[in-house]
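Coming up is one lone chain in structure tokens, specifically the form predicted on its own.
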């Protein structure tokens, strides 16, 4: 197994890149969807809610197959396994992130909106300077969980031929004649990555709470 560790570590970097890119696109898409939910135009809100519920309710594997097999048939274009995996993971993550961002926005009291309106703030100014800083403290913890989920779901990209961490681990297992050790090493790598991500998220959360307490103390002084 020792001779395969460099290959495993390299594929771990590939998995992180795929997951990070999908999560970035999912966060941007989820934020856009959450903001669209704030619009009072009912048909648009129902479209957004339908999108969220649809992608939250179907397995990621089906989304992955549709991205890899269905999109090329519909658009008559060739899509690489990397693009298909990124698209599927981003669609799935965006639906979940839209709910997370919506919950963060809803956590800010109505009085904050009314105070901003009374001060003459526009909607973008209110969102940027008042709502977003407070909502971020609520959004961050579940966002870390969504990232970890996206990273674990990226293992399914091996089914469509993308060589990431899980696919590499299975190839190593085949090369070494089977056995449990390659799978144990694969699980250990996933554990280290996800544990590190959770610890970074916890550190950021503590920093935000410390910053919030400092702001409160400064306001009371």
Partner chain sequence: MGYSFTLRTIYPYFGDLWQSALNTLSLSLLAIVLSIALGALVALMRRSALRPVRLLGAAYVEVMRNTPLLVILYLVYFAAPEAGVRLSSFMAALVGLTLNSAGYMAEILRAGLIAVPPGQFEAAQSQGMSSAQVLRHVVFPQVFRTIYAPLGNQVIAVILASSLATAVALDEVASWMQTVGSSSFRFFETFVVAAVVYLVLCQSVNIARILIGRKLFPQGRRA
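None of these values were measured; they are calculated from a predicted model. Rigid core (definition): largest C-alpha set, two forms, superposition within 1.5 Å. Numbering follows the first chain given and starts at 1.
The same protein also has a form predicted together with the partner chain, omitted here; what follows describes it.
- Proximity to the partner chain in the predicted complex holds for none of 31, 111 and 133, with the criterion being a heavy atom within 4.5 Å.
- Just one of 47, 183, 171, 35 comes within 4.5 Å of the partner chain in the predicted complex, counting any heavy atom, and that one is 183.
- At a distance threshold of 4.5 angstroms between non-hydrogen atoms, residue 57 is in contact with the partner chain in the predicted complex.
- Not displayed here, the partner chain is kept clear of residue 43 by more than 4.5 Å at the level of heavy atoms in the predicted complex.
- In the predicted complex, residue 176 stays away from the partner chain, with no heavy atom inside 4.5 Å.
- The partner chain in the predicted complex is approached by residue 62, whose closest heavy atom lies within 4.5 angstroms of it.
- Applying a 4.5 Å heavy atom cutoff to the partner chain in the predicted complex picks out 148, 152, 155, 156, 158, 159, 166 from 131-167, in order along the sequence.
- Once you line up the core between this form and the one not shown, the Cα of residue 25 stays within less than 2 Å of where it was.
- Once both forms are overlaid on the rigid core, the distance between the two CA positions of residue 202 between this form and the one not shown is 2 angstroms or more.
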